Structure formats: C-alpha cells, structure tokens
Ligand code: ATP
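The chain that follows stands alone, in the form predicted on its own, written as structure tokens.
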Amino acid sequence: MIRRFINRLFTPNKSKDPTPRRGQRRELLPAQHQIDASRIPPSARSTVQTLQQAGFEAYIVGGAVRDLLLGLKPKDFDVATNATPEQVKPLFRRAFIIGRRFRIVHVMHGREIIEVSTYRALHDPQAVEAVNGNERTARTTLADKTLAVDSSGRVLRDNVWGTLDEDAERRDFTVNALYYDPIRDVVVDYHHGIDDLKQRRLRMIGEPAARYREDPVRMLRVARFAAKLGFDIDPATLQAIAPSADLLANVPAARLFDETVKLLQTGHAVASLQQLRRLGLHHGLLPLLDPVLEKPEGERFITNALQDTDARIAQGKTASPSFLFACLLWHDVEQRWSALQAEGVAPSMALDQAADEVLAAQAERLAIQRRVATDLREIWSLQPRFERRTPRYANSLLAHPRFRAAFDFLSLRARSDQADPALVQWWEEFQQADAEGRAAMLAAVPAQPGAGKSKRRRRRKKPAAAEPGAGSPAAG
C-alpha cells in the first residue's frame, strides 16, 4: 500500500507528459557485453550475492560497469538494490548507514568499501509543497523517505525509494545508467547506454536543463567525464550548460571542493581544465584561478603541475589534494607576498599574511578542508627555507614531514622559471649524500647575508649602586 502511494505521489502525470520518460529494459548476455567476470573483486561479487540470497535485487552499477565495458580499470565498485538501508545493514558483519542527503550503506570488506544504494524513485515537481519559503518538500508517510528541493529546484535530500527502471531514470548519463549482475553475468540497459558507449558519446538522461537544476554539479561531471573518457558531448547536453552555469553559485562550498578534487584527480586534469574553460565553467569555480589562466607564466606553472599529477596517476600513484591546491593558488600567494614585502613586512610574516588572505578569499566559494589547508600552507612556508643552507636550517628542513612535497613544489617552480634550477640540484644531491657528504656540501655553500649572525642577548643593566644603608632593613 505504501509502495502504491509513493508511486502515485512521485510518478509524473502521463496525461500532461505524453512522452514516456521510462527507458525500455534491454538485457545483454555475456556474448554481447563481453565483460571479463574475473575483473570483479570478490568484495563486490559477495555483496551482490548476499543481497540476492536474502531475496533482494542487486547489481553493480554506474562507473564500474562503464569502465569494464570500455576495458578500463574501475576505481571503485558501487551496488544498487531494492533493499532499504535498514534491510541492507543487518546482512553484513561490518556495514554503516551514512549520509543525510542520500542515505546509503558502506559495506566493509577489510579495507575495501562497497557503497550500496537503494533504488531512487522518480518525483513529480507538481507534488512538491512550499515549506519555510525557500525549501520545498514532498513527504511520504515514512519519516526517512523524504524529498526536499530548494527554490531553484536543486535536490537537497532524496530518500524516496523506487524501482530499477526509476533508478535508471534518475541517474545522470546514459553510460552511467548500466547495471551488471555478476551472478547471472547480464548487463541491464534502459537508456541506450551501450549504444552511446560505442559512439563515444556523453548524453544526459532526460531534459538536460531540468537535470542541471536538480544538481548543478552535473555540469562539472560533463567536463570531467568528457575529459576522462575522450567522449563527445551530446548537443542537447552541451547546449543547456551555458544558460545553467549560474546555478553552480548555489552549490555548497564543501561539495564543490569534493567535485573539484575529483576533477583534478581523474588522471586527465589538463584535459579537464581545458573542458571547463571550453564550457565556460572555470569562472567562479576557482575565483583566484581566473586571472592566472590569462597570464602565460601562471598558466605554465599550473599546466606543469597538472601534467605531473596526471603522470603520477598513470603510474598508479596517488595525487595529494594539498599539493594540487598549493599549485593552483601559488601565483596569487606569490604576488601578494611580494607586495607585502615591498611595503616593508618581514618575509616570513609577509608569506603567512599572503597565505591567510588568499585562503580567506578562496573560502567564499570553495570550502578547502582544514587538513588540506594546513598541509598546503606548510608547502608554501617551506619555500624560503630552501635558500637558508646552513647546518641548522638545512638538516631541520630535511627532517620536516612536508619536505618531500615542498621539494617537489620547488622543482616545479624551477621548471616554470620561478626558482633557481641550481638550488634544486643542490637539494637533490644533499638528500642522497651521507652525513659526511652533507657536512662538506654545507661547508662549500658561499656565505649568505645574515648567515651565522646570532642575535645577541641584551644584557640587563645592573641597577645603580645604592648608597650605604639605602633600601636595607636597617635604613628605617
């Protein structure tokens, strides 16, 4: 009864929308999809199997299926099911319900996490009621099954469960709306995602402008997936971006930070940035990056940084968000640092103040996590210390936890003509040398202005000698 009520409440009125929104189910057998089942990790397979054995539907879904079909290595595996979070959790030894906007379950397999989501239902915008003026909410009879959207149409919370075909309709791109059952070895496709994969085409499900209103971050995902996959963007999907770009201003800063990190860590960061610029989405996304991209010296530094990041990911290494954002914002920090020194502020204080100002300006649009901000500030603050090659400073710098990141940053600056390559070479050799070799290298460094000068402790003046008896107990 509850299911019928939910479906009536959130299914579009067909009399007003003569074009069917649901896709047509199509099943592809092993000979048609040719997915190598051996590439499915045991954690994902067992999660699906456990749910199915409990009487529920369960599929591997989204990017993992897309990448398997393209012959790529999936980064992670997500599972979709008709079981609610409360039904999923007891089936596994270690499982946790997380999220408020979209409630999901994290199933732990050792250090691996399989994200399990419940099928989402379609919703009818006409069924959404006004609540508190700015937030419109449609509610079912169950407290946790709530849909909430803001005045612009952005979905704030969606925990209304649906069917598999509804869930496919709710996903963003056709190539991400593919479901794979590793037990039956069957791919389920509702929106011609397989055809779009073959055509190397990125196409939004439904009416693009409406989908961007629901979640403006989808425009950033267009740039990310087009760059990562090398796909063409479907004309309708592309044309709706420019009129919708202002909607990104309504996205919470913390979520925008997460999406920006994903975009820069695809292994195709340079292509992603080029796509952002091509789509006109880079303005306002990283406010302090806008002027940098118009200046050759700033663009060269950032391009080198992103190329290094792409190379690391291609080698199977990780890319630190702290290092990435240190690179993206350095040009502005450096400019402000120079200006403050010209005003007479001491170099170290000027650098700290410049970092404060740049990060404060950035925080208005992008909520850089505190941990990331702390790390990138250390990368910046260590740059002047590379110049101070005395035994005391050189050895303490080498032992600093952020030395390697700071040294890589210095190397990047040298490649972009912003630091002395000879300094980089010296520190490269210093790292490799033994204790005796380091001592010899430090001894051979030319005397630096101010080096070796220690601050003299000011002697306290002795009080003037008092007259005999003055101030003594006997004086009174």
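Just so it is clear, the structure is predicted and the values come from calculations on it, not from any experiment. A residue's number is simply how far along the shown sequence it sits, counting from 1.
Unshown form predicted in complex with adenosine-5'-triphosphate (ATP); subsequent notes refer to it.
Using a 4.5 angstroms threshold between heavy atoms, residue 213 stays clear of adenosine-5'-triphosphate (ATP) in the predicted bound form. Taking non-hydrogen atoms only, residue 41 never approaches adenosine-5'-triphosphate (ATP) to within 4.5 angstroms in the predicted bound form. Among residues of the shown chain, residue 255 is one whose heavy atoms approach adenosine-5'-triphosphate (ATP) to within 4.5 Å in the predicted bound form.
Contact check for residue 67: a heavy atom falls within 4.5 Å of adenosine-5'-triphosphate (ATP) in the predicted bound form. In terms of contact with adenosine-5'-triphosphate (ATP) in the predicted bound form, the residue from 86, 387, 76, 356 that brings a heavy atom within 4.5 Å is 76. A heavy atom within 4.5 Å of adenosine-5'-triphosphate (ATP) in the predicted bound form is found for exactly one of 190, 161, 225, 337: 225. The stretch that touches adenosine-5'-triphosphate (ATP) in the predicted bound form, counting heavy atoms within 4.5 Å, is 225-233, out of 395-403, 225-233, 307-315, 180-188. Shown without its partner, the chain has no residue in segment 319-334 with a non-hydrogen atom within 4.5 angstroms of adenosine-5'-triphosphate (ATP) in the predicted bound form.
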